[in-house]
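Given next, in structure tokens, is a single chain: the form predicted on its own.
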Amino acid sequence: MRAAWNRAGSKTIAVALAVLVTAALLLASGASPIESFRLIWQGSVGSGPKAADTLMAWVPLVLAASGLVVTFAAGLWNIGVEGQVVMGAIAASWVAREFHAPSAAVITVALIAGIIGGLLWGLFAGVLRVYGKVNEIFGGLGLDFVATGLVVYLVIGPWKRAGIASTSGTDPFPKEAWLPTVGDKLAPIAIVLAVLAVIAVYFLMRGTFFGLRLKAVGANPASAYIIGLSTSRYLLSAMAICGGLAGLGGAVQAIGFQHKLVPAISGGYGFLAILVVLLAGFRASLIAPIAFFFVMISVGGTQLSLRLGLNSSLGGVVQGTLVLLTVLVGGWQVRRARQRVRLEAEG
């Protein structure tokens, strides 16, 4: 119970400090902090269409972050999650363009293809890590560049719009490949998939032998190997699970939001998901609300440039500041706890 209160206290302190730092930045820019926060709220959830945009942006972020909880538990920094989102979008786009069938069949196959595309890309990074001894950070970053280059090549090359080589994207997919929506943008299927992913990862990490063994591998690979755990198999499994969830997020982006393949199909959600997981303390139970908060800042932050003339990157500054302060406050609390233990031992 004491540990839970300490964690809650550190999050509260970090959020308060982040608000103060953000307010100071806004004041230095000549803007009212209260008005800025009001615009962010209105720009993200102030109306039905804006709330729909925010929820649809929340889905791929939650899916990628849920997958990262698994890889972080295994001791892996899966920086390649951004490329896994992209490859999922490419795979789903191929199905949407080439597979002709009733809408339910096309959508189902496209979502499965997205999972497979991301899974294979994540597994590729895992193979480089396990068998090629390539650190997953460097291998993942390299694969991110490959995936980004591939999507640009497809958009201005084989899948370009008729007579036009434009980076604005491919031709829109057939309507049969679009996720059904409520209103113009909100796709209930996408929301359900994100919620199910969070629940599945939560129980995977807390209620299964696989999750327990995965944590053991992440905490001490050498000891896990000595007691008979196949560290390679668990590392590859973690990368595959994360890649599959990230790929599903890319598929939702392609057939549920953009309805075509665009170069920026990932939306940076893979990298943003890393910040979400760090702020959540690697716990699946906090992924959904923190991701929604981050998306509110991303979506609503555009109002700061439109209405107040502020730089649109301010939202990213707020997100990064919040994560940095959380890490610093958490480290400070750990240091205090160690000092207290040492003093008690000496006393």
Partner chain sequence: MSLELRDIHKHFGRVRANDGVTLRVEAGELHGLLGENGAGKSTLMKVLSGFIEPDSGTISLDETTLQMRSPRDAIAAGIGMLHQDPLVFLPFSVLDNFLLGSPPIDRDSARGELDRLAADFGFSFDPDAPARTLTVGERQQLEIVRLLWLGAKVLILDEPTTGISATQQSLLFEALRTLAGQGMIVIFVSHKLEEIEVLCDRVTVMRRGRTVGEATLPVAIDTLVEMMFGEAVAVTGRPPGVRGGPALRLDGIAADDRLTRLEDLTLEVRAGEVLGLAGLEGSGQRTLLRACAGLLATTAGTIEVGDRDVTKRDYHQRLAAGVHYLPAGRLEEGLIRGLTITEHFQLASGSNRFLVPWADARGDAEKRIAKHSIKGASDTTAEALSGGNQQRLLLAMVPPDVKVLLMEHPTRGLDIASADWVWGQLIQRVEAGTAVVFASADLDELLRYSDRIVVFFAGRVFKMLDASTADADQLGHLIGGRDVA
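Computed from a predicted structure; not experimentally measured. Residue numbers count along the first chain shown, from 1.
Same protein, other form: the form predicted together with the partner chain, not shown, and the subject of what follows.
Segments offered: 237 to 245, 265 to 273, 209 to 217, 185 to 193. Contacting the partner chain in the predicted bound form at heavy atom distances within 4.5 Å is 209 to 217. This chain is displayed alone, yet in the predicted bound form one of V130, L229, V152, A105 has a heavy atom within 4.5 Å of the partner chain; that residue is L229. Screening S223, T167, T181, N135 for any heavy atom within 4.5 Å of the partner chain in the predicted bound form leaves a single hit, S223. The closest non-hydrogen atom of W77 lies beyond 4.5 Å of the partner chain in the predicted bound form. The partner chain is not drawn, but in the predicted bound form it has no heavy atom within 4.5 Å of F99.
The closest non-hydrogen atom of F203 lies within 4.5 Å of the partner chain in the predicted bound form.
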